[in-house]
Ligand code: HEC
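Next up: a single chain in structure tokens, the form predicted alone.
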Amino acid sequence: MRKVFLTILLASPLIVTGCGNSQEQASTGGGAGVEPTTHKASYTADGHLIRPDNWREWIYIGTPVTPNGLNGGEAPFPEIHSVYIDPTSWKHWKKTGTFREGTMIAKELSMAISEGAHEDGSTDQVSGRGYFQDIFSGLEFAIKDSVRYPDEPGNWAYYSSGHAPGVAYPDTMEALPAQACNTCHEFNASDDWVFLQFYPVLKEAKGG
């Protein structure tokens, strides 16, 4: 019986490979078809964020839109923003109503369709006049970590791929200076440096 049991253990790819990949899955957000137990950011030796590869599979929380056409042509963030939170932090939020250590929030930017646009930047489409997503133009992450960012307000740091329509996202991202993002979040975001007021999915699910 002992010999048979050992043979099964050695022959099973699930048992042999599962533990070996668990750390990688936890740090990257999981491999294809695999649900990790914990979502955790990974970094290079010089402190650059390694871009998670599955943010579009995270929990969608909202889409703020502040186009140039409604802001005198000078909107600070003229793109359409699709915002997600990692699943581990989502579960923690639903239970406690707080953002856990290691929370990752992804914001993917896309340009609005511009062909045939009105003066305010809106276009007429089959569903009516409005703003409709076109090409992707950037990717950003906000990460909460009191150990890595002890001096950042709220212990949040912000990473950006830059704003460049149609350009592939880099594999790694350097943290932005605190004043580039955190000052606005500190004085205007409604919950722990996060713009909860713009994310009805988070508001509805807040636990605690």
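Note that the rigid core is defined as the largest set of C-alphas that superpose within 1.5 Å between two forms. One-based numbering along the sequence shown. Since this is a predicted model, take the numbers as computed values, not measurements.
Keep in mind the form predicted together with heme C is missing from the figure; the text below concerns it.
Quiz item: Out of 89-97, 115-123, 102-110, 67-75, where are the residues with a heavy atom within 4.5 Å of heme C in the predicted bound form?
Solution: Of the stretches listed, the one contacting the partner is 102-110.
Quiz item: Is Trp58 close enough to touch heme C in the predicted bound form, meaning at least one heavy atom pair within 4.5 Å?
Solution: No, Trp58 is distant from the partner.
Quiz prompt | Heavy atom of Tyr159 within 4.5 Å of heme C in the predicted bound form | solution = Yes, Tyr159 is a contact residue.
Quiz item: Should Leu49 be classed as touching heme C in the predicted bound form when contacts are defined as heavy atoms within 4.5 Å?
Solution: Outside the cut-off, so no.
Quiz item: With the partner left out of view, is Ala142 within 4.5 angstroms of heme C in the predicted bound form by any non-hydrogen atom?
Solution: Within the cut-off, so yes.
Self-check item: Residues from 168-191 in contact with heme C (non-hydrogen atom within 4.5 Å) in the predicted bound form
Solution: The stretch 168-191, when checked against heme C in the predicted bound form, contributes Leu176, Ala180, Cys181, Cys184, His185 at the 4.5 Å heavy-atom cut-off.
Quiz item: Does the C-alpha of Ile135 move 2 Å or more between the shown form and the other one once the rigid core is lined up?
Solution: Shift of 2 Å or more: no.
Quiz item: Just checking, between the shown form and the other one and with the core aligned, does Ala117 shift 2 Å or more at the CA?
Solution: Shift at Ala117: below 2 Å after core fit.
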